[in-house]
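Only one chain is given next, in structure tokens, and it is the form predicted alone.
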Amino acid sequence: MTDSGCLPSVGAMVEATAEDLAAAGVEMPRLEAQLLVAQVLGWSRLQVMTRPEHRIVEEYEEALGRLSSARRRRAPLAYLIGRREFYGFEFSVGPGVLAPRPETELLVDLALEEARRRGAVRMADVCTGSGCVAVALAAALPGSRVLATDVSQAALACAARNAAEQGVSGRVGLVRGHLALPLRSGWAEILVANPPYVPSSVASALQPEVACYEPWLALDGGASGLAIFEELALGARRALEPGGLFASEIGYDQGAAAITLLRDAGFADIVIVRDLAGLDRVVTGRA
């Protein structure tokens, strides 16, 4: 029987893991070390922080070593722990879908503001991925109906799981298809999207977590970064009812080009919304 005094403590394992992650270039090593330890133990991060003296048995130490090794190879933290917080909800994520980003919460804010203003109940979420936007909208608006589309079956399976976990499966419809093509003409009152918008040429400059692990299909916006967006704008214009709101996430320097593409697609009242860093983040327009 192993002497518990010889086993490493939670605090010691957090420190050792944080040092390893820092050496690998991880930006927030201590936070991530706490989350990895919490994942192995089945604890919350708060428990890890408040019980540093607790001893870790060998099987947990080995499991932590495997997770730490994968993270040092820059596997995304969200994939390793299987979840990511977004808009106050915990979403399941994994290989095949992008991990939700905090900046995408702006898209939800704008859609909710519009929905509450006009009492909208028919919304569409194009390129839904993990379903985080669709699920957040449905959860915030109990009388709403959200149709979410994606070309990836893996993404739709993940979105279905998240809708079920948040209790909104009955109001989030999931359809496999390209951009807005699965939507009936004039059906949506609000259409939101987080399409691929990364220029193909910058793939090598992305963080290893993104370039080596996340699905390039969900990122690649072609040579300009806006090849998919241009097609999306035309489809969104068809799918929206007159006066309906279109809102799409864009790249930090794509505002001017996005305005031109929306204008060409027949949208009016086009606005660029910037994030907290003052960068172009969302473009909106009315059908």
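Keep in mind it's a predicted model, so treat the numbers as computed, not measured. Just count from 1 along the sequence shown to find any residue number.
Quick note: we don't show the form predicted in complex with a small molecule, though the next part is all about it.
_the small molecule contact in the model of the complex: Tyr197, any heavy atom under 4.5 Å_ = Within the cut-off, so yes.
*Tell me, yes or no, whether Ala115 is in contact with the small molecule in the model of the complex, where a contact means a heavy atom of each within 4.5 Å.*
Contact check for Ala115: no, nothing within 4.5 Å of the small molecule in the model of the complex.
*Contact of Leu219 with the small molecule in the model of the complex (heavy atom, 4.5 Å)*: Leu219 belongs to the contact set for the small molecule.
*Does Glu90 reach the small molecule in the model of the complex if we count a contact as any heavy atom within 4.5 Å?*
Outside the cut-off, so no.
*Tell me, which of Ala159, Leu147, Ala138, Leu98 has a heavy atom within 4.5 angstroms of the small molecule in the model of the complex?*
Checking each option against the small molecule in the model of the complex, the one that comes within 4.5 Å is Leu98.
_Give me the residue from Glu85, Glu103, Glu165, Asp109 that has a heavy atom within 4.5 Å of the small molecule in the model of the complex._
Going through each option in turn, the one that passes is Glu103.
*Thinking of the small molecule in the model of the complex, which stretch from 72 to 80, 168 to 176, 197 to 205, 117 to 125 has heavy atoms inside 4.5 Å of it?*
This holds for exactly one stretch, 197 to 205.
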